[in-house]
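Single chain ahead, by itself, as structure tokens, in the form predicted alone.
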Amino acid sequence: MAEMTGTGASWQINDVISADTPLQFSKESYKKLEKDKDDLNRVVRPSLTYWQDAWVKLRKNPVAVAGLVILIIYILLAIFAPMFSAYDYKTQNADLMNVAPNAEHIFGTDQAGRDLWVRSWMGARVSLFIGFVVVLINTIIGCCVGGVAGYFGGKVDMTIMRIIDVLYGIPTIIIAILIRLVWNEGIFPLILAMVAVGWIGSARLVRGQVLQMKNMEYVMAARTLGASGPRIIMKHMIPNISGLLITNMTMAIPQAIFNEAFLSYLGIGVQPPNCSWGVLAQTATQVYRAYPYQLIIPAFFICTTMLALNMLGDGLRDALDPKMRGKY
């Protein structure tokens, strides 16, 4: 007995065919088998939105998931670890100076007798806060400036790009020093110094994407319906490059954290008794030969945080790529 299938139905051959029998079929040789209509209408691949599809692909990337887990653990410890500790991050104790890590002081104490466990996670609050806030502000400014330059083009684009070229040549450390001469030390001057020229990369990225999209059909349709330039940029263009922007932000956060640590290490960032990972590293360099753990701890957190964000950024780049949509 043999079976043949066709569109929408199956046919079963009732006659037994041998190797020596010539193939002679008649209509009576077939028996129509009913097919379940639900099977025909069933979609093999579930219908997913763009963000749901990206999340599924991200979960299937073990490297990106590992980076995300490390980042979440650090954020949770930065929020809750100092709250449940019996020690304060800035109270000095001469009897506990340079105590090695033990059961009571997990990370030991510094040269002023302050508990390094609490100071490490208070420093994580500052470093992570500065990293995320700086990148968010840079992205917002970059979207506005780059979107205007790319959409309007002409003299507007030329003027904005020449200003960007001038600002691009100014080192961040020079701006940080100048701002410190005007404002006292603190987090706000440090953020302002890092934002002053930090938005240039986002602006160039957005400008390039807008130049590619401004002549597309949906943009021309919105323009024909009377939508203003700012509305087209913010409602139509920016959402279409949101995946690229998120990936760029994830890659920029490690650089912002490193810049904060570098500026604090030079003494023009966060100032003691406030702390960040950069401040902890800068303070530990004075005694690192005798007490190396005081330098190893903040350096480890800086390195692992930057590594986790880079792993997550690589995973987001693949997950948010429209060309990879539907591939598992």
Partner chain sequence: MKKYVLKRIAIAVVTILVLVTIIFLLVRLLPGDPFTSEKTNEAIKAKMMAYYGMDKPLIEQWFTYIKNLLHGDLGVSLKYPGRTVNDTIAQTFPYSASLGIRSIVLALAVGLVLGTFAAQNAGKVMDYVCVLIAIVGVSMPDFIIGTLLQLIFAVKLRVLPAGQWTSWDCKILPVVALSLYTLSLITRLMRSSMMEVINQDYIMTARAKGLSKFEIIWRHEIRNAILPIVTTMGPLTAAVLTGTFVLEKIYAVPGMGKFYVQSINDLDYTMVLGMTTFYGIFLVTANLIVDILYGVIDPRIKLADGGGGKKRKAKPAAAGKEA
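Since the structure is predicted, the reported quantities are computational estimates derived from the model, not experimental observations. Positions refer to the first chain, counted from 1.
Keep in mind the form predicted in complex with the partner chain is missing from the figure; the text below concerns it.
Enquirer: Tell me, yes or no, whether I140 is in contact with the partner chain in the predicted complex, where a contact means a heavy atom of each within 4.5 Å.
Expert: No.
Enquirer: Would you please decide whether L181 lies within 4.5 angstroms of the partner chain in the predicted complex, comparing each non-hydrogen atom pair?
Expert: Heavy-atom contact with the partner chain at 4.5 Å: present for L181.
Enquirer: At the 4.5 Å heavy atom threshold, is D165 in contact with the partner chain in the predicted complex?
Expert: D165: yes, in contact with the partner chain in the predicted complex.
Enquirer: Can you tell me if Q255 lies within 4.5 angstroms of the partner chain in the predicted complex, counting non-hydrogen atoms only?
Expert: Yes, Q255 sits close enough to the partner chain in the predicted complex that at least one of its heavy atoms falls within 4.5 Å.
Enquirer: Quick check on this chain: which one of M216, L96, M234, I174 has a heavy atom within 4.5 Å of the partner chain in the predicted complex?
Expert: If I apply the 4.5 Å criterion carefully, the residue I get is I174.
Enquirer: Within 4.5 Å of the partner chain in the predicted complex, counting any non-hydrogen atom, which residues from 217-236 show up?
Expert: Nothing in this stretch is in contact.
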